[in-house]
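A single chain comes next, written as structure tokens; it is the form predicted on its own.
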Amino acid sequence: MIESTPRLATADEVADELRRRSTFVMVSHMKPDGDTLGAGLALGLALKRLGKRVHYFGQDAVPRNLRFLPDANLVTRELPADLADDALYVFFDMSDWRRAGELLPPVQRENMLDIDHHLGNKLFGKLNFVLEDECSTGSVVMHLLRALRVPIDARIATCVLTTIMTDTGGFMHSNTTAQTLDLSAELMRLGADKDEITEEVFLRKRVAATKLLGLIIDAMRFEHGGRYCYSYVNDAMLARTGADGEDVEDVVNVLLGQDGVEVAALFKAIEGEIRVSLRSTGRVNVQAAAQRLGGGGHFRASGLTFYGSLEEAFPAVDAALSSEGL
């Protein structure tokens, strides 16, 4: 029987449910990043070691810089017709199951497991394993791997380390704690290839991406005495440079890195949608600002989808940030 009031589950409770089920669907959010993919692949690989049947659902294609991950080639928007009725759908790195996209087949709440580290998670699953103090969803998964007592091989370790390096910005962000570094060292000893992750995720850039970065930098604007830097990218800029949506990942951190900037925003007006990435050095809570406009995330890193024009989005986001003390 499903409890009427959502609650957080313990690692042992989740591990028991994972042992009980035979079939799983690992679900990534739209526009997948290293955390949602790495966490799902890590747990999927572990469950396979326990003899479970595992599938990976992703509405959007795996980004180029994450295709090196084990089992990444198995992520698909198609699910088998003979999927068991009690298959457990495991949602990674999303505060609301709708972030999986409209192509996900209908799922009953009793078949949902929610694994996350975001503030404001809606606890939408039958079981919700959400640890807000963890640096990544992958590090949340580590608690479950330990509860399952699954041996962690190099493939699993690589997936988890990718989640950590993605969400800490290569160990540069403030969520890089001593515990984060301890776990990363453990994963490296288990065979995770830090050099490969660094090369694939952070260093290898297309020429088109570098050209696009130049246009975004040219369009930078500064407000609030230079404390706020924002810029935008649109379809015309992508067409001009030969870039695509994947090439704008992490560009917002370049804006945040400008001298004197405390908050940065990148407005991505691509394919009829405006998505906004927000970053903060720590004084302004961008999670609260994003939430004012229907988004969410973390205190220093959040995002939202804006419904309107780009010209309307600029002042709306400015107002939301100002309400949080910008």
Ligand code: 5GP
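Counting begins at 1, following the sequence as shown. What you are looking at is a predicted structure, and each value in this text was computed from that prediction instead of being measured.
Omitted from view is the form predicted together with the named molecule, to which the following refers.
Partner contact region in the predicted complex: 277 to 285, out of 64 to 72, 255 to 263, 50 to 58, 277 to 285, criterion any non-hydrogen atom within 4.5 Å of the named molecule. Just one of His118, His173, Lys194, His143 comes within 4.5 Å of the named molecule in the predicted complex, counting any heavy atom, and that one is His118. Of the residues Ser22, Ser309, Thr305, Thr10, just one reaches the named molecule in the predicted complex with a heavy atom at 4.5 Å or closer; this is Thr305. Heavy atoms of Ser95 reach within 4.5 Å of the named molecule in the predicted complex, making it an interface residue. Contact check for Arg99: a heavy atom falls within 4.5 Å of the named molecule in the predicted complex. At a distance threshold of 4.5 angstroms between non-hydrogen atoms, Ile270 is out of contact with the named molecule in the predicted complex.
Contact between Pro32 and the named molecule in the predicted complex is not found at the 4.5 Å heavy atom cutoff. In the predicted complex, the residues of 295 to 315 lying within 4.5 Å of the named molecule by at least one heavy atom are, in order, Gly295, Gly296, Gly297, His298, Ala301, Ser302, Gly303, Leu304, Thr305.
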